[in-house]
Every structure is written in C-alpha cells, then in structure tokens.
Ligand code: ADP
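First comes one chain, alone, set out as structure tokens in the form predicted alone.
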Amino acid sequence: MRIGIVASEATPFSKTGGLADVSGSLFKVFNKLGNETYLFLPYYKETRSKINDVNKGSKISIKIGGKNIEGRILSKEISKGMNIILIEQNGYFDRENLYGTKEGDYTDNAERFGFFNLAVIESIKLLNLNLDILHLNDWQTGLIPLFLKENDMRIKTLFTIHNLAYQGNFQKGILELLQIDEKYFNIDGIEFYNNLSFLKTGIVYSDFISTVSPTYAKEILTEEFGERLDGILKARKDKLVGILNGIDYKIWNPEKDKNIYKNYSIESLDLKKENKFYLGQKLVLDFHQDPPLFGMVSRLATQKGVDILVEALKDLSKKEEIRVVILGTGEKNLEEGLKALEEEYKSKIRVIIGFDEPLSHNIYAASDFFLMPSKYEPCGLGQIISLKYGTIPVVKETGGLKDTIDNFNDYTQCGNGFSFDEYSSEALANTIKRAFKVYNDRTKFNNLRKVAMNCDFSWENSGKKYLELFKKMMR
C-alpha cells in the first residue's frame, strides 16, 4: 500500500507530546512492514534545524481570506520507500513554538492549520502520489477529509483522535477565510455549538475513526468522556475502532539506554538498584534503608490525577517511609501544591518543575513504582515505558491504562501493576499502600518485575493492527 501520514508533529522532526511519538513511529513501522510511506508535516523552525537538506520543491499559492498565500512543498526520501513531505510557509510556521506561547495558543491557528490542510491536498496532486490511505491525526488535520470530498479525490481516510478534549473549535468566520461552503455548516456537518470544529469535521467526513486504545474508544461514546461529541460518535460507532499505542524499544530499553546510570536487564535486575542510589545522591534523597521510590514524569494537570496525588501524599508522607520524585510542568496551582509538599517533606519528596529528557529516563530506571493516577487517559505511554524498566505502574483504571495494566492479585500473583477504579485520593493512597506491601516481600516483588519486563507493547504489533484496518477500508 501507499500510505500517507498527516500530523502536526512527528519525531524526530518536531515534538510537543505523544502525538509526535505515534506519527513518527508509525511512519517507520508501516514502511518496515512493506509499505511505501509519506509523512506530511509543517516545516517549522524546529524542523528546519533537524532536516534542511530537502528538495526545493513546487511553489504553491492558496487562497486564504481573499489573499493568495504562497508556500512551497519540500520533500526528502529518508530511506527506500520512506518520504517526508514538508509544507513551508514561513509566516505561519517559522516560529519559536508549534502551537503557541505560555500566554496561550497562537490566535491564527485556524488559518495556519487550514493552510496546512489545503497544502496537503495540493501536494498530493502536484506530486501525483496516488495514495491508497491517508492516516490523519488530531484536529490539526481534521479538514482534510472535507477538502478531499470537495476535490473529488477518492483516497480512503482514517482519522485518529489522540485526545478528544483538544478539538480545534473556531468562530464561524473561518468558513469564509478558508473558502468552505456554508452548506456544510450544520449540526450533521462541521458546526459545533455555532463554531467550526476541525475535530468534528474529521469525525464526520473520514471513512474510519480510531482512538489510541480500545477502552478509550468505548469511553468517548459516553457523556462523561465524550466532550459533547458523544452523539456524533455514537452515530458513527460502526466506523470507530481503538488501536493501542506502542513504544519504540530501541529508545526505551534499560539494556541499551545511554541516559541512565547503569544498564540492566531482566537477568541482571540487581543492577537496577544502582540507578536508584545514583538518583538519590543526585537529588539529595536518603535511600539508606532502601524505601520504595515512586516516580512520575507527567504534565502536571488535573487530567493526570495530580490533584488527588497531592492529597494522597499529604497523608502518606506523615506515616510511611515513602520516597517520591516528580518531573513535569503544568497548572500553576498543582505545581505550587507539589512544591509545598516538597518543602514540608524535604527528605522524602523531590519535585522538579520543567522537563529534562535524560532525567526522565533516569526516573524510569531508578523508581520502584510509576505513578499515573489519571482521571482519564486515551492511551498513555508512561506506564508502557515503566513496564520495560521493571518499574511497576500504579494507575487508575481508565482508557489505555486499563488496557495495558492488569491489577496485581496477591493470591494468584497474576498482574503487571496496581490499579484502582474510584477517582479519589483515598483510593490512590490505599493502592500505594498495597504496592508497599508487595515491595516488602522481595521474592514476590522481583517476580512482578519480571512479568512487567516481559510485556510486549512494540509498535510493530500496533502497526499490524493498523494495516489490517487499512485493508478492510480498501475492501
């Protein structure tokens, strides 16, 4: 098959979050499984620093708001059958950040990504790509199925929702700006509470819709998780599937990870502890009595369960010999709540506000447990990464966390992590206490670690499921 992947970011060319890991990984995996792949991206300033030896391709001119906006289609064959197509328009994409600043999103994001969507259509025509499938990702690509329909281009489309909360909703005036016929602006089309919704457009006009885990695909059909789109999703539920994300084990592997202090494997688990003592020394935490270390690498947001974590740690830090290391940035009140806990329990809790890639790897390698008490989680990658490092996840049963983590049963000794159902600080604290109990039985805990490290959530497995879906779409 000839597969086009369209995304607003993809590793290693541009990244703000998990979307980049997904699109960048599938680009490689689809090719490895015998397909010709094309990756369509905006040519950001960040991308320019990663790849600049590109073919100076065709000029394009796209009408935006009555003006002709010029750009270029750049391309490069990364390897045999793997091609990157970059949409260059410096006024839109040659900026310090991908989507906005600390003050908020760029005010012209509808115009920027509207141009990107139209430019993808132009590039397919000009390069005569003859694609079988277009795999579209999140709201930034949501207008493409409508533009394909308008141009009578019969390419099958899969629209993947990575997080339903991010919808790309803009004022109705965007219709005129992007030359979209008002006949589509209705409750069954692209209208969403009197706004134009990029995300809803993708849902309505794509051939199939997918999410990044089977459980999340079910959850978004409910009012609780549907973000006011559960009605239209129910109407299309026969075209909705959930395919679990994977991780790249070439990057996330404690045997070869160059970022961690001491490499280890399932056969040399004793070496994992050296990473723990190294991190303790670096962050000035006392591990003399070898207390359990709970790590967290996350956006510090209510969605990620940080509010109930703060409350749970207030209780646990008074009573338990717990150690906690948290790395992330996010909502100011949650950052402040965590820093206040660190100030009160300096010997037990360390909070690093910001992001540090090598430190994140060290937290995965050093920790005994990994905290992901998310209120909702479309897929989650942290729990999958932590399994490979023999770091046992503590999660709420939701979305992809429910699909990847089986709650450890003390009697049967089956399971690969610890989970809880009720979203509360009490339920989280009780689950952490259960983890403590197993940690203190070192034979049981080491067996649990080995089960975790044997789990396989490789991208190749996920890629094969996507290809099965593509073949079904072609039929």
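A quick note: this is a predicted structure, and the numbers were derived from the prediction, not measured. Position 1 is the first residue in the sequence shown; the rest follow in order.
Although it is not shown, the form predicted in complex with the ligand is what the next lines describe.
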Listed residue (Pro373, Gly382, Pro254, Gly246) with a non-hydrogen atom within 4.5 angstroms of the ligand in the predicted bound form: Gly382
Consider the chain as shown here, without its partner, and state which of Thr391, Thr157, Ser298, Thr211 has a heavy atom within 4.5 Å of the ligand in the predicted bound form. Ser298
Out of the stretches listed (113 to 121, 97 to 105, 128 to 136, 352 to 360), which one is close to the ligand in the predicted bound form, meaning heavy atoms within 4.5 Å? 352 to 360
Taking the shortest heavy atom distance, is Tyr216 within 4.5 Å of the ligand in the predicted bound form? no
With a 4.5 Å heavy atom cut-off, would you call Leu327 a contact of the ligand in the predicted bound form? yes
Is Lys304 close enough to the ligand in the predicted bound form to count, meaning some heavy atom within 4.5 Å? yes
Hey, in the predicted bound form, does Leu19 get a heavy atom within 4.5 angstroms of the ligand? yes
For the stretch 253 to 268, which residues lie within 4.5 Å of the ligand in the predicted bound form by non-hydrogen atom distance? none
